[in-house]
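Shown below, as structure tokens, is a lone chain in the form predicted alone; questions about how it binds or moves come after it.
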């Protein structure tokens, strides 16, 4: 390994150490309460070393979210080309979503903090827009599944794609939020999985039934 390559790896390792420290502190204390000095201490680096990699804690927060959103997007990127039925695609989407956040509960809390308190985060507009655009890619996958269902005649042609994708997203986040940090730890995962499976099936059966009923066109 050459000197330049070694330096690059050392720089990347320090950057990842900073992000790990920041993620843990954001989760434990909340975004506003965390300072760059605290992140530096947890990462066992000087404050000056932090600023060699990041201009602010807002940039660190943004990078944490973007990295994790990208990782999730990679997991769901092939769903639309799987050839599965729309119902099966949504089931797979939901299970990937559950697995992702059960394996990293810090990420779920950080993401919910951003979604519920966007204005209070005071992120620069460019950073905020970057996160929103990255998050919207997940929504586009859900809209794609709905569109496949419409094209195949399994879902009514008159549904509002954005409204229904938001309903499914809300279902997932709501159930995870309700159970992830409450109740007995030994059966928490099972409750989340079974509740989402049952609720999603009810939702999709209701959606499919509208094809037979011939619903009124939504505005």
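The term rigid core refers to the most C-alpha atoms you can superpose between the two forms while keeping them within 1.5 Å. Fair warning: this is a prediction, and the values are worked out from it, not measured in the lab. Numbering follows the first chain given and starts at 1.
This next part talks about the form predicted in complex with the DNA, which is not shown.
Stretch-level contact analysis of 153 to 161, 49 to 57, 64 to 72, 166 to 174 against the DNA in the predicted complex, using heavy atoms and a 4.5 Å limit, identifies 49 to 57. With a 4.5 Å cutoff on heavy atoms, residue 37 counts as touching the DNA in the predicted complex. Shown alone here, residue 20 lies farther than 4.5 Å from the DNA in the predicted complex, counting heavy atoms only. Although the partner is absent here, residue 41 is a contact residue: one of its heavy atoms lies within 4.5 angstroms of the DNA in the predicted complex. When the DNA is considered in the predicted complex, residue 9 lies well away from it, no heavy atom lying within 4.5 Å. Looking at the DNA in the predicted complex, residues 3, 14 and 45 each place a heavy atom within 4.5 Å of it. Relative to the superposed rigid core, the position of the CA of residue 36 differs between this form and the one not shown by 2 Å or more.
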